[in-house]
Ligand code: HEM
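Below you will find one chain, with nothing else, as structure tokens; this is the form predicted alone, and questions on how it binds or moves follow later.
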């Protein structure tokens, strides 16, 4: 009898917020996310999107050819077979100096779709854990498109690593003027793309 009472008390302490010890626990409320840092849109548009569209040498098992990341069969938005990264080849640059290009208008553009897809293939702040970089380098991961960047010193690999490693400051969106420092001189319109 004492053993039965102890067992019943132990079951009652296992969960259940109500009077029935065998019921489900109360709903758990998860706090809102407090991270949410973003990568720079302006740096992506000027320095990363062109890499996705460029004709690059690719080595697939010793056979060298030329292709683009955005090609059909790779990461093209409509005909690509290459995983989560999707690229709209016809995406036009967005003039961020034009007041009509509000954040909502930019977010509706094809260029933003490319940005969003690329950012989704990145672990913000950690380039060497980001598929956007590790896949074309084939660093401990398979890439159906072969080796695109021979090593991390490749100029394109360095730009991608630079972009991923420099998120916008906490609390600022992807359009933050903090991205100006990613160019030399510090002006996205006239500056050259910095890299690692």
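Numbering follows the first chain given and starts at 1. Computed from a predicted structure; not experimentally measured.
The following text describes the form predicted in complex with the ligand, which does not appear among the structures shown.
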**Request:** Report the residue, out of 46, 135, 159, 166, that has at least one non-hydrogen atom within 4.5 angstroms of the ligand in the model of the complex.
**Result:** 135
**Request:** State yes or no: in the model of the complex, is some non-hydrogen atom of residue 38 no more than 4.5 angstroms from a non-hydrogen atom of the ligand?
**Result:** no
**Asked** Quick one: is residue 94 in contact with the ligand in the model of the complex, heavy atoms, 4.5 Å cut-off?
**Response** no
**Request:** Would you check, heavy atoms only and a 4.5 Å threshold, whether residue 81 touches the ligand in the model of the complex?
**Result:** yes
**Request:** Classify residue 121 as contacting or not contacting the ligand in the model of the complex by the rule of any non-hydrogen atom within 4.5 angstroms, answering yes or no.
**Result:** yes
**Asked** Three residues, 67, 74 and 149; all within 4.5 Å of the ligand in the model of the complex via heavy atoms?
**Response** yes
**Request:** Would you mind checking 123-147 for residues with a heavy atom within 4.5 Å of the ligand in the model of the complex?
**Result:** 131, 132, 135, 136, 142, 143, 144, 145
